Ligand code: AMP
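A single chain, nothing else alongside it, follows as structure tokens in the form predicted alone.
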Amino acid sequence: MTEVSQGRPFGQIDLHLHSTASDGTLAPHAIVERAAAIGLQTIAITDHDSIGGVAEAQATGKTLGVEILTGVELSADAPVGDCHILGYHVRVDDQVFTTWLETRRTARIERGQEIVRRVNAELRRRGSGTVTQLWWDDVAKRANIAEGGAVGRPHVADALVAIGAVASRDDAFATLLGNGMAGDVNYDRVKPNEVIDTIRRAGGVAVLAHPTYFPDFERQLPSLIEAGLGGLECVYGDYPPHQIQQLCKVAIAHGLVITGGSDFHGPGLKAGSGEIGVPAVTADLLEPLLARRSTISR
């Protein structure tokens, strides 16, 4: 079963990683190189609303001997709070799926432009005299929108750091982008059943990411399972061993597969554990995940 340790034995995996195709700071090839350097066997690039980093990761993985699972992370509005759903083994050449992702990225662009407008207004309100402003083109470049990337608040944060308005990403969220602040802009999110169905129709397995971040998740879990949820991310970046063990029990009780990953976004960032391959997740989880691939046809 799942092993939790700080060691990195052969056969370790990490199924929750973000690249520059969404809000990570490392390119897909650099993540694979980092994974190979610490001996990871299999990884999944799970960018938000984007599979733009998969091809590059797979090409590098083939060279370095690291298996790359196709993956994506999608957001959904639930009756209570919002949840993030990971999609594994999705078909990246599925035209309906890629078109659906494009609509999500378009919604993110519209939201990002509104964030820039509101943050600039807030900077003017706080400043005196000439105030340096954000440029949307800079934010878009940081998000690699031209190459299929998905823009998010972290890209705005990095642009704020670049113009000297804040000291770091954390500072940006603490002063301008956090919940209830100027840069907290909602966008049209979809319901969990649509997200799960979309993943399954692309041949994938839908897994609830970092479940404890989802309000009262155990009470909401049955409706997700009814919609087709296949797994639970029990081994996660900052979960202590006792929490991992409890989540594994929940997954087993509901007949869900167990997955795990660091939620690594880049060196020095606090998301997840902050380091690729931590906590340790063993490769025995791969076969059950593969067995849950959807057979739904379009």
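Note that residue numbering follows the sequence shown and begins at 1. Bear in mind the structure is a predicted one, so any value in this text is a computation, not a measurement.
The protein also exists as the form predicted in complex with the ligand; that form is not presented, and the subsequent description refers to it.
Student: Would you mind picking out the stretch of 216 to 224, 153 to 161, 194 to 202, 86 to 94 that comes within 4.5 angstroms of the ligand in the predicted bound form, counting non-hydrogen atoms?
Tutor: Careful reading of the contacts points to 153 to 161.
Student: My question is simply whether Asp170 lines the interface with the ligand in the predicted bound form - judged by any non-hydrogen atom within 4.5 Å.
Tutor: Result yes; Asp170 sits at the interface with the ligand in the predicted bound form.
Student: Is there a heavy atom of Arg104 no more than 4.5 Å from a heavy atom of the ligand in the predicted bound form?
Tutor: Residue-level check for Arg104: no, no contact with the ligand.
Student: Quick one: is Arg118 in contact with the ligand in the predicted bound form, heavy atoms, 4.5 Å cut-off?
Tutor: Because no heavy atom of Arg118 falls inside 4.5 Å of the ligand in the predicted bound form, the answer is no.
Student: With the partner left out here, check for me: in the predicted bound form, does some heavy atom of Arg111 sit within 4.5 Å of the ligand?
Tutor: Flag for Arg111 set to yes.
Student: Using a 4.5 Å cut-off on heavy atoms, which residues of 11 to 31 contact the ligand in the predicted bound form?
Tutor: Result: Asp23 alone.
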